[in-house]
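Quick heads-up: it's one chain on its own, the form predicted alone, in structure tokens.
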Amino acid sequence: MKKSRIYLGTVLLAACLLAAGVMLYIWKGQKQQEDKTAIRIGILLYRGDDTFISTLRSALEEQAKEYEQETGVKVALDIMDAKSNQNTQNSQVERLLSLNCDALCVNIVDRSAASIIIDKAMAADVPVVFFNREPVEEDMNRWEKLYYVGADAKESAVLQGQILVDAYRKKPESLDANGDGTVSYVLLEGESSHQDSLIRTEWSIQTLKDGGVPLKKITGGIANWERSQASALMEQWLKEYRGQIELVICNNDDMALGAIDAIGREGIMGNSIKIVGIDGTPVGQEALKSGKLLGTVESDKDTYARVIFTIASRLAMGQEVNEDQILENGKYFWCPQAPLTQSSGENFRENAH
């Protein structure tokens, strides 16, 4: 009986000590969060001079300022430009981890190389929010502290294609300028290995076909999202296929602007060649207002930046990410998008929100 009492007392004492330890651990964790007055977030860009990425960077900086004002928590943003070099970006990740960043936001150069960054982040136990350039699913499933924020490429393409379908149904000659019953087009594509480029190309054309627009492809080329490369290609095509091009379909606004530059240099007047883009960048919208661009598809960049920063800042503070901020599989947020056309004008923003 005496041994039983001693055993029971020992068990009760151990249970009490365990409970006290758990409570102390929880209290320390809560205290640590309460005492945290500053966070450091690394922002890694695939290319800082990309118009869309530059716009997104500015929006992220605004989010950080608003967060400081609302919470009193100081935010240090370390922003680095990889200049389209994955090795450079890998080194930048190492640098930011050595600076004890609380979270990383990564616009990866090569989506197939994400495992290298993930390995480094996992070893340092630093969460990662990928954005704009989506890692492959296998990499995203490797760790629970990985997130992705972006615009759905298929949706972008379908909306772009629908702009053209609507224009053709309303007035066929707006796209079929020579009236031969066929819309002759050229295609300016982004990077050949980029998932958005491939998907945007496929579904924009498929939407046109499904919408009953009679198409004839003249040619196409890779311009790597860049205005200057698109301009050079378009200038070449205008000379080679003089008078044949009626439509230019572009995977993004910068390439659409490049096409506009080339058309302007060739002195082609009368808006006979229609051009569409994707991204809704400020310069793209200016071209839209001036009548040089038929349409584009804009992501809600304020929401885009807000979600990136909200996820990163909550993780940096050691807090959980609210499930209502993530739409798919607890890891993905797809930014709202809407078409912007010459006819929709300023009413677009009201419809988009």
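What you see is a predicted model, and the numbers here were worked out from it, not measured in a lab. Note that residue numbering begins at 1 and tracks the sequence as displayed.
The form predicted in complex with a small molecule exists for this protein as well; it is not shown, and the discussion that follows is about that form.
Discussion item. At 4.5 Å between heavy atoms, only one of the stretches 93-101, 213-221, 125-133, 160-168 reaches the small molecule in the model of the complex; which one is it?
Written reply: Among the listed stretches, the partner-contacting one is 125-133.
Worksheet item: Any chance His194 has a heavy atom within 4.5 Å of the small molecule in the model of the complex?
Response: Output for His194 is yes: heavy atoms within 4.5 Å of the small molecule.
Worksheet item: Do Glu298 and the small molecule share at least one heavy atom pair within 4.5 Å in the model of the complex?
Response: Residue-level check for Glu298: no, no contact with the small molecule.
Practice prompt. Considering only heavy atoms, tell me if Ile53 and the small molecule come within 4.5 Å of each other in the model of the complex.
Written response: Yes - in the model of the complex, heavy atoms of Ile53 and the small molecule come within 4.5 Å of each other.
Discussion item. Against the small molecule in the model of the complex, would Phe309 count as a contact residue? Criterion: heavy atoms within 4.5 Å.
Written reply: Result no; Phe309 lies far from the small molecule in the model of the complex.
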